[in-house]
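Just one chain is shown here, as C-alpha cells, and it is the form predicted alone.
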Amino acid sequence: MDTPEREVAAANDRLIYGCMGLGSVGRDDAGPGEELRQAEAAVGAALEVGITRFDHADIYRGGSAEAVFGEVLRRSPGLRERIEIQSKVGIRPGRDGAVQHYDLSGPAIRDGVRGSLERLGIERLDVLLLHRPDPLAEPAEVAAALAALRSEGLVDRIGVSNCSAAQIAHLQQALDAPLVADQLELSLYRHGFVDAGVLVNHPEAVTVDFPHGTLEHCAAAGIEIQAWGALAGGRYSGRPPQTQQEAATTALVADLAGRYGVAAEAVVLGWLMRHPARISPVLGTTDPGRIRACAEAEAVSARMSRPEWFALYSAARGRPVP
C-alpha cells in the first residue's frame, strides 16, 4: 500500500477505524496473503476518507489483528507518523479449558501492552484503554502500572472501555493522569444511552440497561465518548430487516439518505454524532466501500434537524417518546 503518495481527504477526526475484523484467527476465508490484502484495503479506505485513528485490542482475532496491522505499517513507510493507534487490554479469553475472565492486575496490564507493541511493531501506544471493568482490580495497582508505562514512554494517554460514570470516577481518584476516553456500545439500534435520559421519572426507565449519568460525567470531565458497534452490525444500512421495527427504521434511513444524497451508513452515524456528547463512532466493517460510505457522517449530523433525529430515534425504539 503506497500510502505516503496516496491522496487523502481532510482529517475526519470524529471517526475511528476499528481493527477488530482484521487478521485470520477464526476465519475460513483468509489464507496467507489474503489477510494482509484485506487489511491494506481497509486501512487505505479509512485514510482516503480522512480517518487517522485506529482502534485495536490485544484479543482481536487472537492477536492477529494487531499483527497484520503491524505488517501494514512495515510496508508503508511514514504511515505510523501520520496516524494515532490505540489498543485495549484486560480480557483473558477462555482457552484450553480455562474460564474467560478479566485481569487488570499490574503484571497483566504491562504484559498486555508489551505484547501489543510487539505485534504492532511500534514503540508507543498513543492511547491505552482498559477493556472492561475487572471486579478484582485494585485501583492503586492499576494506577501504578499505568504510571510506569507512561514514564517508560510505552503509553501516552489512558482511557477505559465499557465503564460507568461511577467506575470512571473511582478509578480516576487513584490516577496521576486524566482518563481521556470511554468506549461504549452506542448506536441507533443500541440507543439506551438516549433512553437513560429521556425516561427519567417514567415507568419505562426500569427497562434501560445503560448507566445513567455516564455521558454527562464524561462531558463534564472532558472524556471522549467512543462508540463501538456504531454501525449496528449493518442494521438499517444493508442487512435485511429482521422485524417490522427494523424495516420501518431502515426505510426512514433510506429516505433521509436519498434526501441528503449520501449513503445509509452516513445517516446511521450522523444520528449518533448529532448528540451533544460529541460521540466518536468506531467503524468495525472491513468492507472498503462501507468505510468510504461513512465519510459524510459528520456533515449529515450538522444538517439533521431535531424532528428528523427524533423520528429516527422513535422508529428505532418502536414507539414515540413519552
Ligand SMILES: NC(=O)c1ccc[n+]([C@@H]2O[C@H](COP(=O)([O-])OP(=O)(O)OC[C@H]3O[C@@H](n4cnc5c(N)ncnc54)[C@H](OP(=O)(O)O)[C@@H]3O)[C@@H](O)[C@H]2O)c1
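In this text, residue numbers run from 1 along the sequence as written. Quick caveat: nothing in here was measured; it's all calculated off a predicted structure.
The following text describes the form predicted in complex with the named molecule, which does not appear among the structures shown.
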Worksheet item: Exactly one of 52, 280, 64, 286 has a non-hydrogen atom within 4.5 Å of the named molecule in the predicted bound form; which residue is it?
Response: 286
Worksheet item: Looking at 232, 218, 104, 163, which has any heavy atom no more than 4.5 Å from the named molecule in the predicted bound form?
Response: 232
Worksheet, complete the sentence: Which of 55-63, 271-279, 253-261, 39-47 lies within 4.5 Å of the named molecule in the predicted bound form, heavy atoms considered? The stretch 55-63
Fill in: 4.5 angstroms heavy atom contact with the named molecule in the predicted bound form for residue 124
no
Discussion item. Although the partner isn't part of this model, could you tell me whether residue 228 comes within 4.5 Å of the named molecule in the predicted bound form, counting any heavy atom of the residue?
Written reply: yes
Worksheet item: in the predicted bound form, does residue 190 have a heavy atom within 4.5 Å of the named molecule?
Response: no
Worksheet item: With the cut-off set at 4.5 Å between non-hydrogen atoms, does residue 92 touch the named molecule in the predicted bound form?
Response: no
Worksheet item: Can all three of 20, 183 and 239 be found with a heavy atom no more than 4.5 Å from the named molecule in the predicted bound form?
Response: yes
Response to the item:
Contacts from 122-147 to the named molecule in the predicted bound form (any heavy atom within 4.5 Å), listed N to C, are 131, 132
